[in-house]
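As a starting point, one isolated chain is supplied in structure tokens, in the form predicted alone.
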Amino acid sequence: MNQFVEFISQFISLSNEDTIALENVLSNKSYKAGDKIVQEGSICNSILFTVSGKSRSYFVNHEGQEFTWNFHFNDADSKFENYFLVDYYSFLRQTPSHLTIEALEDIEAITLSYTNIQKIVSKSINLEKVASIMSATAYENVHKRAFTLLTSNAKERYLQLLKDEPYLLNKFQHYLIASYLGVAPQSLSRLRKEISKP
């Protein structure tokens, strides 16, 4: 069974007909390290499910600073938001993306286009539920991430990372972790030294 279908089957039971319909509209896509999978200002026309490799989504503020919005990978540590390469707002609204998604390593992904998802959800209640679950989960993740950035200071964000996502420190470079926390690399170094003190 297709890895994307296997993943979806954890959340909802698909009939054989639904499984076939979904698999028929999925395709495989590869990217090289450094490729821009989604470019800021372009419309995000597909949802991509990570099979292998690492990437990140980021935005650039009005001062030209990059902030990592999320990390994307597929392993035992992955949460829902880590598997998918997509700007959900751009995808659902078909409007220009505010995010850039960049391959940090060579990427293998399974892709589902906006056009195809519209076709299959109109013919299946279960596949419509799949789309609803993905949209609701995406909203929850965006809300949580934005709330954390807006209401927590740098130390609180770092402590939250240590609590919820400590594995990121071993998967991604220091400067990327810093941009994920919204701090300069030097500030992250100071935080790590301060918190590691007995």
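None of the values given here were measured: they were computed from a predicted structure. Quick note: we count residues from 1 along the sequence shown, nothing fancier.
Omitted from view is the form predicted in complex with another copy of the chain, to which the following refers.
Residue contact with another copy of the chain in the predicted bound form: I37 places no heavy atom within 4.5 Å of it.
The closest non-hydrogen atom of Y158 lies beyond 4.5 Å of another copy of the chain in the predicted bound form. Shown alone here, F172 lies farther than 4.5 Å from another copy of the chain in the predicted bound form, counting heavy atoms only. The shortest heavy atom separation between Y167 and another copy of the chain in the predicted bound form exceeds 4.5 Å. In the predicted bound form, the residues of 72 to 94 lying within 4.5 Å of another copy of the chain by at least one heavy atom are, in order, D87, Y88, Y89, L92, R93.
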